[in-house]
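Encoded as structure tokens, the following chain is the form predicted on its own, with no partner shown.
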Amino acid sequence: MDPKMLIFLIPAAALAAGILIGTLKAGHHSHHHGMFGHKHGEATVSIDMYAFQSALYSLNPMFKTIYAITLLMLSVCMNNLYVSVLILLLSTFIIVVLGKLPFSRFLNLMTIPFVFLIVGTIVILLDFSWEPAAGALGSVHLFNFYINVTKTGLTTTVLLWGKCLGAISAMYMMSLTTPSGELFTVLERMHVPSLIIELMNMMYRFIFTMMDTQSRMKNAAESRLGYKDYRTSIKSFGSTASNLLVVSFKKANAYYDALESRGYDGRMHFLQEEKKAPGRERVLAVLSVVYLFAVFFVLR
């Protein structure tokens, strides 16, 4: 083994061990005290709830945002699998161990982008041809053509997975420890146009409102045996979708009326608790970024 690999393997193993130990401790604590426990009848859970309950909630939102964006840019721009894996492990460690979010919840959140990632990269992984590809790692004959898995396609796919998962975990690190109101305030301080910020806020709020409404409709249909077979399920799904469209218009009008009743003048104002900029955390963040650069230059 190349001695240079130790610069990656030792920290990666330490972060993985920390995640495992933190998960076991959190699971034991949750079993006895019900932390983040499941609530029967709960339709949807806003990401803001996790942010408010995070142990990193008290950190300065500007610091967390800049750090997360920095990790995202490193994962995407460095184009290095080792760096991306370290960013994924580091972000998971911060979310699960330091932020005290149950690992199972984090995995559930990562499942959605991971499914889209698999669907999006399957075309890169698989090579379709009329003949078996030379040097292919594997080939499957289907009808009159071959499905090949080449070394180049596999390498590109794994690298793309690493970059995407590293970037996604960095964004989750920001959103699962920082409430949306503070994020919008940070964007305002970064001089992002107010129209974009307001649209982001409305869309974010409306997504969870519609998810909750759809969940209630589905529960009502299930209680009336609306999903007892395939044909009934299709009919119930169509009815739920059409009703959801009508309800969405009503919710939008109610949302706008609520804004106007609270003095909406065309611009939203977000209140934010003043939080001091961290000292020790800032030093650790800088050191982690420097270390990622070191890994990139040593293992590129």
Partner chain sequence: MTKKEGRWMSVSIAAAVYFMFGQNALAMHIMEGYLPAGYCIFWGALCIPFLVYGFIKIRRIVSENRRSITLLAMAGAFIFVISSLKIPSVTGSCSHMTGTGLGAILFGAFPVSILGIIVLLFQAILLAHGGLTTLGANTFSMAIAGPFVSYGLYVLGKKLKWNQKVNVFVACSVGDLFTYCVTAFQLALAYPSETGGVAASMVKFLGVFAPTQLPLAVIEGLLSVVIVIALESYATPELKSIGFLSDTPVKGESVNE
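None of these values were measured; they are calculated from a predicted model. The term rigid core refers to the maximal set of C-alpha atoms that superpose within 1.5 Å between the two forms. Residue numbers count along the first chain shown, from 1.
In what follows, reference is made to the form predicted in complex with its partner chain, a form of this protein that is not presented.
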Q: For the three residues N60, G99 and R224, verify that every one has a non-hydrogen atom within 4.5 Å of its partner chain in the predicted bound form; reply yes or no.
A: no
Q. Quick one: is L72 in contact with its partner chain in the predicted bound form, heavy atoms, 4.5 Å cut-off?
A. yes
Q. So in the predicted bound form, does any heavy atom of L89 sit within 4.5 Å of its partner chain?
A. no
Q) Any of the heavy atoms of Y230 lying within 4.5 Å of its partner chain in the predicted bound form? A) yes
(Q) Is Y82 part of the interface with its partner chain in the predicted bound form - any heavy atom within 4.5 Å? (A) no
**Q.** V158, M200, L107, M190 - the one with a heavy atom within 4.5 Å of its partner chain in the predicted bound form
**A.** M200
Q. Even though the chain is shown alone, can you say which residues of 171-185 have a heavy atom within 4.5 Å of its partner chain in the predicted bound form?
A. M171, Y172, M174, S175, S180, L183, F184
(Q) Aligned on the rigid core, do the two forms place the Cα of N79 2 Å or more apart, comparing between the shown form and the other one? (A) no
(Q) After a rigid core superposition, would you say the CA of V247 moves by 2 angstroms or more between the shown form and the other one, or not? (A) yes
(Q) Please determine whether the C-alpha atom of L90 is displaced by 2 Å or more between the shown form and the other one following superposition on the rigid core. (A) no
